[in-house]
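The chain below stands alone and is given in structure tokens; this is the form predicted on its own.
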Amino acid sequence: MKILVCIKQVPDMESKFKIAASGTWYDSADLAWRMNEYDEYAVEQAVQLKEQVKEADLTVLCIGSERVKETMKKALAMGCDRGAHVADDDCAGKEPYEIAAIIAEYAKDKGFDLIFTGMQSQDRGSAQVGVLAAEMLGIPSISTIVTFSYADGRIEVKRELEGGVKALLKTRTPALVTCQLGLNTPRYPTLPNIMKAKKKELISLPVADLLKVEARMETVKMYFPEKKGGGLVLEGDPGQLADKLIQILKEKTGVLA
């Protein structure tokens, strides 16, 4: 069995973000970087499947600059066998259709039985890359899965719907699934596995060799939401507060005419 898991490096969401000079993305300077949270669930599920199917071979794919290799090493330390780095310094400028096309072009002739991706990335949040890649590859896809099992070339999953409802689906491989919060608990790489990861194969491929499509969307502008008026905090004893509140309601609203 051949398995592919696709990951993305994103900023730590606790970072202080600034809009880049281009006005179409955030400034990447002075940010801390990590693996996209949803992709951690994808890596964990792929590794669990590899452990279940002993002859399985697991590749982790990531698109981005040299910086993303550090995040790929975490996936290797979690249990992936090798890494495929698509070198692209302008990854942030590519829309989901282009990213999906890169993944599909890489995977099309390698005979992957299962492809795992995160449900969405924490920075762009389109939730489109996985399903688009599956469509380009001509294989079934199931999104937002919260349970997963595999046996005899078939997978059975539950996917999350609105209002806490779940749908049970089954399909044959090859297939692609996108992973949601709650699917599993990602493991912490142990020190021995971190050391082993340093010796695992990590090849780099130029993005020009894999990108065969043109963008269909363009980011016109990125901006922070406009700040609305702040609240008014009243202080004092209850009697005074009641009088102040009544006065404000009379002056500022039509509640007490």
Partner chain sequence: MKILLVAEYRDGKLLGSAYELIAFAQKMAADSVMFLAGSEAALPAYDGRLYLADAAVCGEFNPDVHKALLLDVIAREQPEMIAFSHSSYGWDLAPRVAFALRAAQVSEVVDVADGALVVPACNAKLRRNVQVKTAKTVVTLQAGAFGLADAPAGTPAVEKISADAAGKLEFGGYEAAEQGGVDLSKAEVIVSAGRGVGKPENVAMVAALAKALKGEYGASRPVVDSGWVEHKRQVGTTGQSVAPKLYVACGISGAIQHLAGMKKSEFIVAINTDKDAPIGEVADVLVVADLKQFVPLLTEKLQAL
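We call the rigid core whatever largest set of C-alpha positions still superposes within 1.5 Å between the two forms. Residue numbers count along the first chain shown, from 1. Just so it is clear, the structure is predicted and the values come from calculations on it, not from any experiment.
Only in words, not in the display: the form predicted in complex with its partner chain, which the text now covers.
Query - Partner-facing stretch of 46-54, 217-225, 199-207, 64-72, counted where any non-hydrogen atom is within 4.5 angstroms of its partner chain in the predicted complex - result: Of the options given, it is 217-225.
Report task. Answer for residue 162 alone: is it within 4.5 Å of its partner chain in the predicted complex, judged on heavy atom distances? Result -> Contact check for residue 162: yes, within 4.5 Å of its partner chain in the predicted complex.
Query raised in the report: Would residue 114 count as touching its partner chain in the predicted complex under a 4.5 Å heavy atom rule?
Result: Outside the cut-off, so no.
Requested in this report: With heavy atoms only and a cut-off of 4.5 Å, decide whether residue 123 touches its partner chain in the predicted complex.
Outcome: Answer yes; at least one heavy atom of residue 123 falls within 4.5 Å of its partner chain in the predicted complex.
Report task. State yes or no: in the predicted complex, is some non-hydrogen atom of residue 85 no more than 4.5 angstroms from a non-hydrogen atom of its partner chain? Result -> Contact check for residue 85: no, nothing within 4.5 Å of its partner chain in the predicted complex.
Report task. Could you list the residues in 121-143 that come within 4.5 Å of its partner chain in the predicted complex, counting only heavy atoms and keeping sequence order? Result -> If the 4.5 Å heavy-atom criterion is applied to its partner chain in the predicted complex, 121-143 yields 122, 123, 124, 125, 126, 127, 128, 131, 132, 135, 136, 138, 139, 140, 141, 142, 143.
Query - Rigid core fit then residue 244 CA moved by 2 Å or more between the shown form and the other one - result: Superposed on the core, residue 244 moves its C-alpha 2 Å or more between the shown form and the other one.
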